[in-house]
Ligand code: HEC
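This document opens with one chain alone, in structure tokens, the form predicted alone.
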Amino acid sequence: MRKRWSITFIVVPLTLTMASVPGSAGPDKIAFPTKHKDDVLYATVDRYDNKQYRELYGTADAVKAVREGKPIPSGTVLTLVQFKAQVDPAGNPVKDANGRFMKGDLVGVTVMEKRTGWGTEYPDDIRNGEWEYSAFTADLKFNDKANYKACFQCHKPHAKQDYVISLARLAGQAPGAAVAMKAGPGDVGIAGFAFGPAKLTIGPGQYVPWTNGDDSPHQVTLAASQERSAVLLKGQSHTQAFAAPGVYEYACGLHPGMKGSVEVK
């Protein structure tokens, strides 16, 4: 029986080609993973922000290597399968006996694949080591409208974990216990893919701690400076000091639709 985990990695579905990249680099190097269901289902996620249920598969050699503390090998394929969540007449996701979303129609499939020698043709500001990305529509055809540059940009800050945001789940090391959220006047909880409170007012020099209560990882990213926290797994916190008066907008670096602000006055 396969374990069910919760995680995600990002692809932003906007139109942008990689025409500026010379040579053979590009998403068409990746074939549709027809046998992905034979791989290891190492992560699932309920996306409250867009009402999706997602499954993440990894090739067996990759899962074995990472769980033995070894680097992610060449030939690794990570496949993200996106489904609409089933919804009730009011538009709310329907949940099973375990409180998890029930999957509906297929939305699309996103793939990241690693091969020795890949990536050399990309400029340093977007290169993700030896990884390439590709996406496929609900009818399993290549998605030429996907914003592949955004894939590289989203994963780029995670070079220390070989650009794989879901590395903790891949390694089987992500926490699963329920999180006791802090309730102080300056505390921000992360739950259901939302910051709470979304707007916070503090005095100069005070600190704001964010605590992640979701199964999915999140990352606090300040809009003006693009300063990022570490990737926060379930139960982990990030604390930020705010010295100067002003309004500081921020978002989740992994899920840009999650937004919040801190006003210092």
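Numbers for residues come from their place in the sequence shown, where the first is 1. Because the structure is a prediction, the values reported are computed rather than measured.
There is another form of this protein, the form predicted in complex with the ligand, and it is not shown here; the text below is about that form.
In the predicted complex, every residue of the candidate spot (Leu56, Leu80 and Ser134) has a heavy atom lying within 4.5 Å of the ligand. Out of the listed residues Val208, Leu200, Leu233, Val63, Leu233 is the one that sits within 4.5 Å of the ligand in the predicted complex by at least one heavy atom.
Segments offered: 191 to 199, 156 to 164, 85 to 93, 100 to 108. Contacting the ligand in the predicted complex at heavy atom distances within 4.5 Å is 156 to 164. Heavy atoms of His36 never reach within 4.5 Å of the ligand in the predicted complex, leaving it off the interface. Interface membership of Thr76, defined by any non-hydrogen atom within 4.5 Å of the ligand in the predicted complex, is ruled out. Among heavy atoms of Arg47, some come within 4.5 Å of the ligand in the predicted complex. Compared with the form shown, the Ala62-Ser229 C-alpha separation decreases in the predicted complex, the change being 3 Å or greater. Between Ser216 and Leu78, the Cα spacing is larger in the predicted complex than in the shown form, differing by no less than 3 Å.
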